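Here you get one chain, nothing else, as structure tokens; it is the form predicted alone.
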Amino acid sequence: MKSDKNIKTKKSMIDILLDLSPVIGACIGILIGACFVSLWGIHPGTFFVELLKGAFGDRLAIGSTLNSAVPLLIAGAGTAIAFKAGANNIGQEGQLFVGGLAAATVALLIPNLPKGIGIPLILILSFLFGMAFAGIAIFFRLFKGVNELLITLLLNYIGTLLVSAMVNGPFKSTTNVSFPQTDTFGGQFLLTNWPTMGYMHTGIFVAVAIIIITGYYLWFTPAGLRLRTAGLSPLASETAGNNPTKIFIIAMFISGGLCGIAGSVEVIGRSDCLRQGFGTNIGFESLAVALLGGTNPFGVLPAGLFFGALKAGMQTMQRSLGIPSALLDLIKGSIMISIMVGNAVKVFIKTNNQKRQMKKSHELAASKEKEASCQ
């Protein structure tokens, strides 16, 4: 009996470690970052102190952290929805960029809209733009048999280049500016911000609301249960009377739409115009946020805040310690790779455990059948 209890405890500890593997990966990534910084003659202790100070040192730092987290939270929630349904959407970057383009389309083409209509219209149109971009991947998957992983990856480049073409062409600023961008938007199209809090904007409330809604949808509704079942086992889902293909389409549309909203919120929350390259790397970072959050919208909240703090802290550290931006990208890349490796290890071990359990159950069933036939 005692040994059985020990085995159960050991198994539960292993399960806990597996569930925490992305978090462990994030910690390892930060330690790797500290090692890189030491090559520049900076003490690792200084690295951690400056990182924390830049992320949470005062009200301005906290506001910067929250602003950096907003698009990651929204796109991360959308990514979690796709992954839970078994849809391989890695087109967050392209979907985010066309979402930003939707904001510019409304603000520049319909400049006289009142504030009560302008911002909701931007959010709706950016959701539709993101859906349309995800729809291209759905089309190729269903009618051409091309995996959505490849199509969404390629669409990232198309999305960023489309924004670049628009700000250098039809939406080009009429004033003399040194960087490709549009004309400034009217104030009715911009989210409210607080200068004393590091220009924190109301997008944080949009992000938290989206996380609550998507989390509730996934875990507390029949539709969410069907979506998760389809992701775990399409065959079991079909046997239960569901349509995995339909669920895949819905999940991809929701995921693309939310990534589009992330782009529009980033544009109207942190700027007053659409700039070339406004959301570079945000989409890829949201992918790491979703993995760190266990592809659970509720888990995306702390994961997104962690990455927001990381971004804000590193920006401050670049100014205070004179660290080159290339080194900061290297540190961020190390953290993202560590998180993904941790998640991959978790998936690999859990899949192998499931296979072993299935094999044992089949062997047990076969031995019982053999005994019955002998009797």
Partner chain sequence: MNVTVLVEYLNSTIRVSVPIILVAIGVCYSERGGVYAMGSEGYMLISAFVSVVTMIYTNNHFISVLAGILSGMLVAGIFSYFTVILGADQVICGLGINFVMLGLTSSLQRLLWGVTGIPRIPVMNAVEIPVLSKIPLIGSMLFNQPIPIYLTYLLIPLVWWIMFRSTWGLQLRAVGENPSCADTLGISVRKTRILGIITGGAFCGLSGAVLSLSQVQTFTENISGGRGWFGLIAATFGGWNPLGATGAGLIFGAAESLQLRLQIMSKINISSYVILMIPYLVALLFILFIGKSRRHPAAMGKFYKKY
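These numbers come from a predicted model, not from an experiment. Between two forms, the rigid core is defined as the largest C-alpha subset superposing within 1.5 Å. Numbering follows the first chain given and starts at 1.
One more form of this protein, predicted in complex with the partner chain, exists but is not displayed; see below.
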remark   = Note: the partner chain not shown here; in the predicted bound form, the stretch from 248 to 256, 118 to 126, 205 to 213, 88 to 96 having heavy atoms within 4.5 Å of it is 88 to 96
inquiry  = Within 4.5 Å, heavy atoms only: does Q276 come near the partner chain in the predicted bound form?
reply    = yes
task = State yes or no: in the predicted bound form, is some non-hydrogen atom of S164 no more than 4.5 angstroms from a non-hydrogen atom of the partner chain?
result = yes
ask   = Does the partner chain come within 4.5 Å of any heavy atom of L150 in the predicted bound form?
value = yes
key: in the predicted bound form, L291 touching the partner chain (heavy atom, 4.5 Å)   = yes
request  = Run the contact test on V70, L109 and F189 with a 4.5 Å heavy atom cut-off to the partner chain in the predicted bound form and return yes or no.
outcome  = no
inquiry  = Exactly one residue in L155, M131, A104, L218 has a non-hydrogen atom within 4.5 Å of the partner chain in the predicted bound form; which is it?
reply    = L155
task = At a 4.5 angstroms cut-off on non-hydrogen atoms, which residues of 319 to 336 are near the partner chain in the predicted bound form? List them in order.
result = P324, A326, L327, D329, L330, K332, G333, S334, M336
inquiry  = If the two forms are fitted on the core, does V70 show a Cα displacement reaching 2 angstroms between this form and the one not shown?
reply    = no
query = Rigid core fitted, then: does K311 show a CA shift of 2 angstroms or greater between this form and the one not shown?
reply = no
